[in-house]
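Two forms of a single protein chain come next, each set out by itself as structure tokens; they are called structure 1 and structure 2.
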Structure 1
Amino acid sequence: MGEEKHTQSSRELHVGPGAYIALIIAILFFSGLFMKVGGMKWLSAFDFTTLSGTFGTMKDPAKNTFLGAGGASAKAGFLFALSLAPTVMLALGVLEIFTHYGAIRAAHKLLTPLLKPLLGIPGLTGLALITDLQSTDAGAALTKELYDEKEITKKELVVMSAWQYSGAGMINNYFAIGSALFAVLTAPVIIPLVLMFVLKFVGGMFVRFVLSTVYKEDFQDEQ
């Protein structure tokens, strides 16, 4: 039984060239880098947000989507939740494909040396964090799956959530909404984006510190 466990562990830790290729493709797919590439619009066909698509509009495009206008309470909430389903389902389905080809193992091996010292979380969370840069819903779904499968602890879940919540959907929102201010920026467009990315780590590290000090007793059973 001991030999069987050792063999299984070795198989799980083994990362071949195919796993690294799968990880690179996964990062490019979820990161949003292919969303808008000047002169090469065809690359958006390999982008998560592009493939997720959008719903069409109704009579008054300025006010209405398929959700309609003026909705309230449980019915409006249900329709909003329904609108998230295609994005989440696509993210989980694609993740299963990348997992099959070893992307998660490669992420764990490559990103653990970076994420463990800074945030105290394993490298296998890397794809969920990268996905959050483009889609908050898909990032949250991948994070929930990691927790449900007991790949991460409750403390790691809280730290991940703090990282994701700060500047959620950063790339997508920055270029979709923040582009209106690009004309008046006095600094290169990339500077605010890099600053937000760095501050996500600052926020995650602060939450990790608080959980390890003020709320240390709440996570004693996970030590």
Structure 2
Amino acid sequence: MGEEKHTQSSRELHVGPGAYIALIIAILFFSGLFMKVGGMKWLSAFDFTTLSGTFGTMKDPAKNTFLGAGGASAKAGFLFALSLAPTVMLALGVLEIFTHYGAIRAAHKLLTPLLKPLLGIPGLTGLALITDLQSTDAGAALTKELYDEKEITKKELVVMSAWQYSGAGMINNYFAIGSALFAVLTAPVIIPLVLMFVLKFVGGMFVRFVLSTVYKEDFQDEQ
């Protein structure tokens, strides 16, 4: 009885050699043994305390923010990410207002006449593309819908996806994440954004070209 129970539990709890290795590494990582090994400083890259890092200190209180100066690793990263929250909240709050007052619909209208000549896709795809500028997931869902309803062909689907894939969720990502770098930029903040938008078309046109040359056979029964 006791033995049967034992085999049963060992069947439930399969422990391979990998698990033991993981356990040993975990113990070593948290042990502090690697923190200061004379002559092997690189070992400290696998030490919990070292990787926890340090907060910055007020070396120059007149200039330092709450981040301080000279912080490192996880602690410095945490405070830095926290320091981004106000900018991100402001950016998305304002974007929400502009969206509400129809900025996106206006952009949609302006974009539509460009689609056929540049990318060879019908104007009705504009909404999915514009949506992608704000939300990757919503753009992807709209794109799939267009294909499922046979509004676009497979080739058009690939070209559309190429446009979306490079720099997906561009506006929100740029203002939410890229804002971390805005303070140090040596060019106006709008320039990279405009450039990314233009390059989306360049990428889309490149894919359109490759599909109609290299992959020509794939789409022969279309159109």
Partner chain sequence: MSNNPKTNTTSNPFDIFVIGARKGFNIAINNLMPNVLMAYVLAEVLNILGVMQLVGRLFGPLMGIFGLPGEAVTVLLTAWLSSSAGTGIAVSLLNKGVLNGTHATILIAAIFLMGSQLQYMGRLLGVADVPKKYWPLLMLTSILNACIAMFVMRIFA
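Since this is a predicted model, take the numbers as computed values, not measurements. For the two forms, the rigid core is made up of the largest set of C-alpha atoms that agree within 1.5 Å on superposition. FYI, numbering is relative to structure 1, first residue = 1.
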{"property": "Label of the structure corresponding to the form predicted in complex with its partner chain", "result": "2"}
{"property": "Residue shift check between structure 1 and structure 2, rigid core fit, Leu111 Cα at least 2 Å", "result": "yes"}
{"property": "Yes/no, Ala22 Cα shift of 2 Å or more between structure 1 and structure 2 with rigid core fixed", "result": "yes"}
{"property": "Core-superposed comparison between structure 1 and structure 2, Ser179 Cα displacement 2 Å or beyond", "result": "no"}
